[in-house]
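So this first bit is one chain, no partners, the form predicted on its own, shown in structure tokens.
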């Protein structure tokens, strides 16, 4: 059995911990670390409520500063963890990866690294941080699987599946993310407000015509008719997976679309126009220096607190167009998740559930050796079938629409 360390203690970490607790035959001890142990202890209590005291007894809470690579490395060595799932703030990714390079532990994350001093760096985003460490991972024999959440992550596997099994040539990849759920708060973000707003305040980059294209946020919209959630408007948005998929499929257009309601757009626009989404410090009349974006984060609800009242479903998928035997073809591979079902199973809302289950599936594949590749890779660089099969058994089944037929993605 393989000991595992979870970095982070938010809503996604809660899902990761619950799913690890359901697979203790593979993981042995599961350790959870955050700046303070309080949230880690709360996650363990949640596991105790859902899975029982025996499962919770195999989980341990730790305090660590994840920006201190040496401290994280010491924790990895102390716990004997051979796999690290990083679901903390995207600001700590490179620090945690460095700790894995120091110790030889496998590294898995769910989002691209961000420099807190910069917003929307020059593409390709992975080239600014992660890819610079690829050679060191290979030299050290360290497995590093980047972006193993849902998007990025599962949607990348969907693109690879379509390319491998359904198309001879890929001409476009459109990732569509729709949350058709509702909660009881006047306004909230579904994940860390600071990361959420930073994601949407910069340039919208897409890969089209063999080059990077730029747009403003909410400039380009498209209506999508999707399974279960129906007709939804989504906006062209900059996102992590565009930057890796465009490297693997350079001749295809790669775009990311996310659904936003009018209320979100109105609040976002007001906050941005007032300067409250700025990451640059300002000084108050009393002489106190504050970062407006961090103040907004402090007053908004914790995304994890939305779970008890969340209702409705998500639909996230990848539409891949191209040719097969010289004929135009398209396939849409997708998943539908239910907020209420996620809460009943693991005490989290559906957005956290879709982000938290995939890295555990990836960790299981690393533990089994199937994905223990001893180098750095994105999900689309790895065989998709084992990953999707794991997800199907873990609560995130995939479906495919092709030639007008909607069916389950069957194991082969």
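Positions refer to the first chain, counted from 1. These numbers were taken from a predicted model, which means no experiment stands behind them.
One more form of this protein exists, namely the form predicted together with another copy of the chain; it is left out here, but the text below deals with it.
For the three marked residues, 187, 270 and 274, a heavy atom of each sits within 4.5 Å of another copy of the chain in the model of the complex. In terms of contact with another copy of the chain in the model of the complex, the residue from 120, 300, 258, 71 that brings a heavy atom within 4.5 Å is 300. Taking 182, 216, 294, 222 one by one, only a single residue has any non-hydrogen atom within 4.5 Å of another copy of the chain in the model of the complex, and it is 294. Another copy of the chain in the model of the complex comes within 4.5 Å of no heavy atom belonging to residue 168.
For residue 139, no non-hydrogen atom is located within 4.5 Å of another copy of the chain in the model of the complex, even though that partner is not displayed.
Taking the partner from the other structure, another copy of the chain in the model of the complex has a heavy atom within 4.5 Å of a heavy atom of residue 289.
Put simply, residue 282 is close to another copy of the chain in the model of the complex: some heavy atom of it is within 4.5 Å. Just one listed stretch, out of 337-345, 152-160, 125-133, 274-282, contacts another copy of the chain in the model of the complex at the 4.5 Å heavy atom level, and that stretch is 274-282.
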